[in-house]
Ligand SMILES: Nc1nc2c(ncn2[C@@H]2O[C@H](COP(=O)(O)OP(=O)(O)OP(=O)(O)O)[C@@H](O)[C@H]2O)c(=O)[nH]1
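Take a look at this one chain, the form predicted on its own, written out in structure tokens.
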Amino acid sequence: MAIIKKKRLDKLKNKASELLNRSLNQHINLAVTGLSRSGKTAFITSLVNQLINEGNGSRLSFFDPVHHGNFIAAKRIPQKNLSIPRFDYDKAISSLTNEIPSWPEPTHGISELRLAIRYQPKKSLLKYTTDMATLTLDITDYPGEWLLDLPMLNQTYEQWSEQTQALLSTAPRDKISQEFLTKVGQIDPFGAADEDLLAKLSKEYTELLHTFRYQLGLSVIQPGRFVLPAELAGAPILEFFPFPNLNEIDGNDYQNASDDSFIGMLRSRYIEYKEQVVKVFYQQHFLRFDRQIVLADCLTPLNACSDNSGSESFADLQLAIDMILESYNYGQSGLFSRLFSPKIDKLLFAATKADHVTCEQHAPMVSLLNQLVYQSQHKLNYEAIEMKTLAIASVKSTSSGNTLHKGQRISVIQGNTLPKGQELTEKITLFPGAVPDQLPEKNYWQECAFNFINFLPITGMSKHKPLPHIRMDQVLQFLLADKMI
């Protein structure tokens, strides 16, 4: 009995400690959001690296706790959610610091990492009770594709099918989607469901989504678990797809369709997916975030030229960002809400890969990202949350300089490209082009004015020293500094 009482007492103490930390701003749940290839894994690795190696040659001049001398140290500690995979920091930092470095493998599911950050409080109430305080930082990494499923919670199967059909029938998806839509349209929706056919068509739809994402560079992919299924790979709950022209079917017949009919089975699996995958994901993880960073790769679409795919890719990215941000619970986080209903009160938009362009192009990168998120920012301004946009490089992979070209001195960058075999190629030096400061006009895509290169990480980095970066100190300042005063 005494052991049971002690366990209950310990549990109450832990809960009280967590509530106290929240009430005194001693805990942050940070959501790291971004679509595939936006650099989430490199970002989290760099953020952790900068904090745990602070003082060992770090350059965090714009992070006030370091600048003012009240930052003490940070370390990784065991995470609270034991059922969620741990973010593999050690594997990621090893990839970056190998003799032949490589970018860390992207994560394919949810992961978490917890840091304890020690500091000396100087202004808060804590300074009267302790010489040293601890800020607990929980970092959660989500595939951006999963986030795109959240709007489905407010859609019926008919609404989702209609929206998805409209996307599939619009450039650049239309040409490669037509065969699939025609094939599904020939099926009797009220006929007996054939699970083998349903599985085959679901596979074809999934292959379409892979093509949209990884060949066309599009961002709006639904359902997101189809391309990043994690533990659901092969499960029947991922075997459904949109049915075209549902508005032409009699409404009463549709509502009364049995679950073993073709349309009934598609509808029931869609509903099950919403309830058992999307809603559970939302309730277990989404509602507890305090702060968020949205990473966006604005450079890759600039490589696209005369076929208008760049323009379409940008429009799709803008739609994806809008869909992601609609699902968050924004608003200033006061004492009551921190304790019982946390809301996101700070939102950072980051244009990644700033090291892939010359320094004077960083301001246009920020302006371009602001154009992409304008509608979302406009809506969120009414919620009175603090927002910021930065151009960053989580791990800097190039050096910058000047060179003479036709008698004029121009800015250039230099770095290693992909290796041939096991040997690094010689460094290349180039001016990749000028980044437009607003959404490009039609003539931009005709000129092919940008030459975006995928550089390798620089050689000689150490896992025990801070990684080179661009503006990670400003990221830390925005996301953490106000909690460490």
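Computed from a predicted structure; not experimentally measured. One rule holds for the numbers: they count along the sequence shown, beginning at 1.
Although it is not shown, the form predicted together with the ligand is what the next lines describe.
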Close approach of G39 to the ligand in the predicted bound form, 4.5 Å, heavy atom: yes
Using 4.5 Å between non-hydrogen atoms, is T107 touching the ligand in the predicted bound form? yes
Quick check on I263: any heavy atom within 4.5 Å of the ligand in the predicted bound form? no
Do R267 and the ligand share at least one heavy atom pair within 4.5 Å in the predicted bound form? no
One stretch from 192-200, 157-165, 281-289, 392-400 that, in the predicted bound form, holds residues within 4.5 Å of the ligand by heavy atom: 392-400
Each of N53, Y119 and L480 having a non-hydrogen atom within 4.5 Å of the ligand in the predicted bound form: is that the case here? no
If you check Q446, T459, N454, Q438 against the ligand in the predicted bound form, which one has a heavy atom within 4.5 Å? N454
I need to confirm a contact call. Of L30, L47, V66, L35, which residue comes within 4.5 Å of the ligand in the predicted bound form, counting heavy atoms only? L35
